[in-house]
Every structure is written in structure tokens, then in C-alpha cells.
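Okay, so here's just one chain, in C-alpha cells, the form predicted on its own.
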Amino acid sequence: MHAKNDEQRLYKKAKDLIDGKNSAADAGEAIDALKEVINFADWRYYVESDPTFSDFEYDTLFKQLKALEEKNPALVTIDSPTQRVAKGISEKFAPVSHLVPMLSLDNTYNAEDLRDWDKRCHDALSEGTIEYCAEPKYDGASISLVYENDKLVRGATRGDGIMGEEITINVRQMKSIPLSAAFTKYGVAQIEIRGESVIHKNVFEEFNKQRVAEGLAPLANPRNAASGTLRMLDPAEVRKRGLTAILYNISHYTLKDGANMPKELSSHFNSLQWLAQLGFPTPVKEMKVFKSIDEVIAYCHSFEAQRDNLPFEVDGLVIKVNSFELQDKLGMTSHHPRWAVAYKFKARQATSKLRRVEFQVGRTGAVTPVAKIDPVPIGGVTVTSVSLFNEDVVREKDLRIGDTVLVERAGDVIPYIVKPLTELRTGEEEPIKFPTHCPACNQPLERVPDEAAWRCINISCPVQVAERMIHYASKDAMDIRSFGDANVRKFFDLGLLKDIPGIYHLDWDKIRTLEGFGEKSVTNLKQAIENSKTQSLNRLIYGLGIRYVGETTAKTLASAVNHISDLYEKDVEWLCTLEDVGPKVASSVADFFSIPENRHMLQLLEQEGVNMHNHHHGQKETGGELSGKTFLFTGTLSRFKRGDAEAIAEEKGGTILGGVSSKLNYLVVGEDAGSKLEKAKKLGTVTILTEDEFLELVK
């Protein structure tokens, strides 16, 4: 979209506007200048994923534009960045006709299918060489955009291919889509552009984590999320979900009177390069042009092998004849164009039978329904169990015992049931009955208002007790080696272990009689338990399994006190003053430490010699280079474990934060860093380090 010197000009113009050095002669010129730099900032952030301005700088520019437009309403245009934000909720979407039909694609699944398609193209064209263009087949929801006289005038869903739903108000919420572009400069009066609405994998993952934390069912997959978001009646919710777009085809255009067809519209590849130069998000970085079908086939195989490395979900490649002239000669059927074909990757969906549902009790008492299905291979893994999350999900999907269900697994994500195939029901299927009493202790279940999960609130529930002990002994908590799930459950079932304090006075004579517990095993386990007594206070707090308290929050709580008993009387208001502690977390912490049984357990642990003090309270290293600096680690680290990296930073006086904010100094990134990296770039004040750069810093 912008040459290097053009970017420098816009960056300088933006800085002048931020600093109040606006030399515009009138309001119109000032508004035009602000629109230009804000559109530039949006392009850098949403299309190039390489932001130029911090949040504060962007907000300053936006506020200036909004203020000027409020004073001069006659100067407000539909392509102004301020006009993206819609107010109110739509009642419904009106049907609208596409300028040309949105056809489906013919599918191929192997090299032989592609060669057959190649032969049909050659037979129809009598061409010696046909140039093909290959691009990702994005797994989202189809959209169609119409621009007239450079302005976006309509956005629509695919619908039935002839008629779609008019969703312009929602399309305008996608900041990757320009509200205007200089088409008339090239002689184009009207243009229809096709594409796919998609959600970045990391954005989707973070959104689902938030839903689960709120007790809501996660969205099924990015494709369904994109499709559902397009049709939401509240544009504010569309904006919240972070929908974006990839535009992959110019389906129709009309030229201005007397204008010649621009050279940019001579081929498919050239046309998408042109759109990219105009600021549109296109797949040009992933597109390849080939002279033979054998080259295309080789690319299909190599591309499929690295599909999981892409930021968006793809389910294949689309192969197109590159020349628009040859496309016109090949034409189309009533179903699909003859000049394009989809090469579909191996399926990550499969069908299976839902045989039964088991109800599992977790550490916090939440009862989770788990579907047991006939074994089915999906994405290289044999799936037999699928979490159904909560009763609401079961009801919404109308799942029944005996249903044939569609199961999906994207990348390395856990499998989930997309839907039952209701058309295959025989009438013998049975409703799934959710228990009213705990499957483990038979106590009545309760459902907290505004939460989806049913819970067993019996603190003595045997499954919860066992799960709490497993968590307490885990690697990231008290790190009691050789005391994993199997041994904790074995000791618990045999009556050798009843609660967490009991870990510290086990009957070793009885344990020696158990199979697999020779003298060496016993000695190692005894030493690991003894070593756990000296673990840091933050590990103990994390090991207690307080709801919503992860490792980072545990460190925050530990660093704020001298002794764990200091937390007994802390109220929600005080806890909310701590870094990254909100009302929900604060309430959970305050509730935990107010319960007499929990305080008694901590007294017993202290009597056993377990450390309850924060020995570093008020003693952070002050002489090191990292003193007072804040750190966050994200992505997959290859040089060391995340916990070890955090420990290194803390030993040098650094503080670990739970998220990206204005208080963060350093973000250390591994592979697949995702949304935290994007947010840090946008913030503009965070120093981003690789693992090697971090190691150099801590030297």
C-alpha cells in the first residue's frame, strides 16, 4: 500500500498531529490528514501485523478526528474511521442480490484428481502451457464487498450464491477492510470483491479461554465463530470478537466512461497484488504461480505439511488459472467455475457413535460431562473421550446417547463434538440425564448464579480431596517427585492418605509392602516430600488450589506478605490493589482464607515444617540490571522451561507479570507467540526479546 518514503511521510505527519503541530489551513484539510494517518495505522496493525503507533498515540489521533467532525458535521464522510463504530442493534438483515453469482468450487482430494482437472483445462483451451496460481483455502465464512466511486457501499454473506444477507454494518467493524480505496484512479467505477471472514487462531484461543473462565461453552472452531459473528445483530459484539478478512477474488468490475482496462486486471495474481497495494488484506504472501500441474501438486504436499504454522485455519489450497482471458474462455457451470478447483487437505473431522456419558468431578467440585465414543482416528490421534463442558452445551446441541456425532480436532487442540447427525436418528436414542447428586459422594449439586457448571460443595468429597492432593504435589506447585496421579490415588484408595497434611506423615512400613515400592523408591519419595517443606511461599499458595489463582497470581500474593497468615484478614478491596488481581480473583482468595477448615489445614502444614514465610519480602535484589524491571514470557520456549526462565528473571530482581500492559518492560517470545506479542507491538512501549537476547540480558 505504501512505499518506504511514503510511510516515513505519514509517520512524520502523524507525529506532528499528535504533538499539535497541525499546519492545515482549514478543518477539511485537518480531517483529511487525520483520516489518512489513521487509515495508515489501521493498515499497519490489521493487515501488516506490524503496528507503528502505540495505543495512546492512536487514541490521540482518533479523538482529534472525532472532535473536528463533531464541530463540522458537514465534513463527515462514510469512509471516515469514526464511521466504523455503529450504535444500536439491528433487527434483521435484508436480502440482497450479488452482482454475479457466488459459486461453489469443485473439489479434489489427490494428485490424480488435479491431473484430470489439468487435462480438462488443456483440452478446452488448446494451450501448450497454462499458468496456475495456488493460494490457501481459508476456513471461514464467505463475504462479498461492493465499492462504488471508491467507497465501500455494501457487504454481504454468500447466502444461496444468488442472494445473500446485507451485513454492511458488521463488515465495517473489521478494521482490515478499507472503507475506501483509489479504484477510480485506475478507471474503475464499481468493483465487487470476494473473500473470507476469518478469526486469527490466537485471537480465537484467547476468546475461548475467556468464555470458559466465565463458565460459558467455548465456540466450536474459528470457522463457525466467523460465520456466527457475521450474522450477529449487535455490531459492538462483532468488533469485540476480532473478526478480520482475507480477500481473494475480483468477481466483477465496471470501468468509467472512456477508461481502458488497467494492466492490474490482466491476471488473478496481478489483481490481488493490486488490491494489496491499495491496502486490502490478500493472500499474496502465501500465493505461488506455477507453469505445470506437477509443480502445483508438489506445492500442495509441502503446504499441507506446514498448515498448522499459519495464523488462520486452512482446509486446502485453491488452484486457479491465472490469466483472466483464459478464465473467460473456460467459463463456468451452474455450480462452479471451470477455471478453479479446490485441493482439500486430509479431514480433521470424523463421525462416531456416542455410547455413554460419564460425569467427572474436578478439583474445584465442578462436574463435567464426558462423552465416550467409539474409537475414531482424527488428525493422527485416536479419539475415545470428548469433554462436553457443562449441561448447557449438552442441551444446546441436543445430544443423546446413541447419536451419530460429528467430531472435530483442529491442529493439536482437544477434540469436541460439533453436532449430532439428527437425520440418522432411529428413535432409540436416549436423553442424557444430568445428575442431581455428586457421582463421587452423593451430596446434592449446586449451581452458582451466572455460572454454567454444577458443583459439589462438599469439601470432603473423595474425588476432590484426591485431585487437590495431586495438584498440591504437582511439578509447578510443591514439586514432590515420584508422587504423581497414580501414586496419590493409590495411597488414597488404600486409606494411607486422607488429606494434604497427611502427605507429611505417611506410614512407610505399610508402603514398603506395596508392589513397586522397594527401599530405593521409598527413600526417593521420602526425600522429595522432605524437600517440599522448603519450597517458596508462592508455590505453596499455588498448590492450595485456590480457584482462579494461577502461578503468576500466586507469586503476586506471596510477594505482598511476610507470612501466609497475613492473607487471612485481607479483604477484596485490598487484594484488588495488587497487580493483575481483579474482583473475581480477589473474592475467591478472600473466601478461601476466611474458611476455618482451610486455616486449620495450614496450621497443620506449618507444624509439619512446611515453609509459610516469604523470605524475600522487601528484599528484592537492587544492584542488578533487572531490578524493578517487569517480564512476561509467551510462546513455546526452546532453550528452557518457562518456570525456569521466570525464576532466572526473579533471581536478578525482575518481576513477572500476568499479561501485557503499560507496566510491562520486557516480553520474551518463543515460537507461536500469538496475541500477547501483537498487543505488545501495538502498545509500542514494550521491549521484545528472543530467548537468546534474554539470556544475554541476564548475563
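Residue indices: 1-based, along the sequence shown. None of the values given here were measured: they were computed from a predicted structure.
The same protein also has a form predicted in complex with a small molecule, omitted here; what follows describes it.
Partner contacts here mean any heavy atom within 4.5 Å of the small molecule in the predicted complex, and among 137-145, 542-550, 350-358, 399-407 they occur only in 137-145.
The contact with the small molecule in the predicted complex, taken as any heavy atom within 4.5 Å, belongs to Tyr248 out of Tyr248, Tyr132, Tyr343, Phe204.
Glu196 is the sole member of Glu467, Asp118, Glu196, Glu192 with a non-hydrogen atom lying within 4.5 angstroms of the small molecule in the predicted complex. Residue contact check for Ser104: one or more of its heavy atoms lie within 4.5 Å of the small molecule in the predicted complex. The small molecule in the predicted complex is approached by Val318, whose closest heavy atom lies within 4.5 angstroms of it.
For Trp339, a non-hydrogen atom is located within 4.5 Å of the small molecule in the predicted complex, even though that partner is not displayed.
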